[in-house]
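Coming up is one lone chain in structure tokens, specifically the form predicted on its own.
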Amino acid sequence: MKKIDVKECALLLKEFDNYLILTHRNPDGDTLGSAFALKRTLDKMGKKSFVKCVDPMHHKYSYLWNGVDNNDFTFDKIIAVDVADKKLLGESFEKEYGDNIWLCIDHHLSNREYAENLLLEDKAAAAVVIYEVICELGVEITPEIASCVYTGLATDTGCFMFSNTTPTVHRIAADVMEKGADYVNINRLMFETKSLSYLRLEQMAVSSIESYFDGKCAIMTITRKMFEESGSSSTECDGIAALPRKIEGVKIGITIRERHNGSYKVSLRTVEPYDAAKICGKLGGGGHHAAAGCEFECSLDEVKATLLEVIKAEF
């Protein structure tokens, strides 16, 4: 497998006619926005494609696929979008598709380079990479494609508030806004509209927050019991991981989320000079400088103890 640039990626996409596009499990706005921006672009080129995810896609993202045919068919090649590691596809999809992924389009420092790899680590979102590919292909950016790209940009930058927000991000956002992105409604859906079940979950999660190292580290835990009692699910809580870092004085915010199988997903959010990707890298995970993650298959007490031991060294 080798690294390729945007021009090579565009040439590869012209070679075949039928594509399966995969997103990572627990899909967020960037992986879905990028996937459907690519699908809509391929459709305009006269090719066929469909997007699949091992987990349900939350209905709040339905505008991304409204009006397109997203049904299965026999495909020539598989493309993974915003998927740094094959295991992030989910266990069943990794087994079914992992060894046959032809092209990966991504922006994560922790990318495992498991396919022909368009990897632009300095980009704020996979949607930025997709936007550059679309421009290289010379395909007109319709309002629908613009909304897909905007979704990835906005969600991976926290509505343009995170430290990964660059002048380039703002320029691309301005371009897709001019091209018809429905940014007012997207911002409302992504950042203002919350279900009652999610608000119940958030209340429980906030009450679980524990403080360590003189308030420089905060850990929030979300258990399966909380999901059951609130009526919420992982499909609507992709933004909840940012809560611990919002506490005054916190430099490293941690969210521990229990999965249905009893394993734990850990999300780290950091501020300078702390590196979330470096910390998670020590624990078998990865991500970005200010946002990263890792996984554990042990008890909750062991998860916390292991995390605190690694973070103690940072302080």
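In this text, residue numbers run from 1 along the sequence as written. All of these numbers come straight from a predicted model, not from anything done at the bench.
Although it is not shown, the form predicted in complex with another copy of the chain is what the next lines describe.
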Handout entry: Contact at Tyr150, Phe191 and Lys246 by another copy of the chain in the predicted bound form, all three, heavy atom at most 4.5 Å
Key = yes
Exercise for the section: Evaluate Cys159 for contact with another copy of the chain in the predicted bound form, applying a 4.5 angstroms cut-off between non-hydrogen atoms, and reply yes or no. Expected result: yes
Problem - Partner contact for Gly231 in the predicted bound form: another copy of the chain, 4.5 angstroms, heavy atom - result: no
Practice task
Mark Thr142 yes when one of its heavy atoms lies within 4.5 Å of a heavy atom of another copy of the chain in the predicted bound form, and no otherwise.
Solution key: no
Practice task
May I ask you to check whether Ser207 falls inside a 4.5 Å heavy atom distance of another copy of the chain in the predicted bound form?
Solution key: yes
Practice task
Heavy atoms, 4.5 Å, another copy of the chain in the predicted bound form: which of 182-190, 133-141, 108-116, 86-94 makes the cut? Say which one.
Solution key: 182-190
Exercise for the section: Pull the contact list for 58-77: residues with a heavy atom within 4.5 Å of another copy of the chain in the predicted bound form, in sequence order. Expected result: His59
